[in-house]
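Quick heads-up: it's one chain on its own, the form predicted alone, in structure tokens.
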């Protein structure tokens, strides 16, 4: 099957010129792919004239007409072992967008915990997946989500059964090994009533060439369920990383997000959390550590649609060289969402005179009995703190490195996986030393 109409932009037409609908006997899935294809053909490519993209020029991306990989590169467990998480009780690995069963490990999971390739899950649990897949991240007005949904084939499925708390983390590892490849990673996490889990979504690059990852993640947290979501992006320096994540919270559900952005030439992460039930809670932590000519753009929406919701957000950026960080965080309190309690903070550290940050925390409140606050700071290292450390015998470079590391460590230390915290602390310390 080819495109259903002439695309509005040559970039979209090139991406879809050899498109064939993935074969599936599931009618509802075929219908969603077809609808996504129609939208992809009709949507425009975002430009800096669009408010949500005004700080992020993606024109270099539109010159790359990469296609998905036909087959994955051959990797061994030894090639990837240093990326594995010791505490994890389940692991799914995807190489250049394709599921790699020989690198995955799901045999030791307890009953009630399902971790599988999405294609396999659809064969046996289609009725369970149908209410969630391509529902929590709409594609009607988002070109990149529409493209991802067109190519929806392999993906990660995590489902935790009712009243089951699975303490050990599940590791979803997406590895890029070749240049000039476009991958469309997909994740679906379903936490049933009263359940709990920790999911690590991890992106790494093993090539210095240019490639594109266009990822979509959907997380459905049922009543009284708890999900901890760790998202790591450590792509290659020449890559492009576009990601959209949608989270739905039912009554008294809780969601905690820990996002660390380190890599990619250009990255964009959109996180939308919707409080669908009363008493839901969300904690959103983010850290972007970039240098050189990197651009990291983060957009978040905390949508309080019901009463008694609570959200806390802290986003930090450490920007060196001529890099550019963007943060746009919106808290929306809808009419009737009384007794909402929300706090949002954006803190940004500039390491050079050429580094740049655009930050825009926002509050939109349509209820009168709420407690909401937000704030933003942009600055450089405190000279008095640097002087103090120098007076204790440290060189200026070492003093600046330690203070920069401490600024980012506040976010990393809250990640609930000790080995991952230790690994990230080493990475951040190395990067802050090289930036000094």
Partner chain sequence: MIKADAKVLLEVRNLSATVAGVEILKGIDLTVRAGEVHAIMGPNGSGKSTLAKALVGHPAYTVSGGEVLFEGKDLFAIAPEERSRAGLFLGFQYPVEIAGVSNSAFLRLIYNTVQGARGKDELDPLEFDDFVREKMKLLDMDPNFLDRSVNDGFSGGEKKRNEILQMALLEPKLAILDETDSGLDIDALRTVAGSVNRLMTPDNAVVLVTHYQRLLNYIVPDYVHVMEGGKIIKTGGKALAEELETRGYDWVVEEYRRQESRPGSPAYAEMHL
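Residue numbers count along the first chain shown, from 1. Quantities reported herein were computed from a predicted structural model and do not represent experimental measurements.
The form predicted together with the partner chain is left out here; the points below concern that form.
Relative to the partner chain in the predicted complex, residues 391, 394 and 398 are all within 4.5 Å by at least one heavy atom. With the partner chain left out of view, the stretch that reaches within 4.5 Å of it through heavy atoms in the predicted complex is, among 65-73, 26-34, 50-58, 403-411, 403-411. Taking the partner from elsewhere, residue 368 is found to have every heavy atom lying beyond 4.5 Å of the partner chain in the predicted complex.
Taking the partner from the other structure, the partner chain in the predicted complex has no heavy atom within 4.5 Å of any heavy atom of residue 380. Remark: residue 373 does not count among the residues lining the partner chain in the predicted complex, judged by a heavy atom distance of 4.5 Å or less. Residues of 295-311 placing a heavy atom within 4.5 Å of the partner chain in the predicted complex: none.
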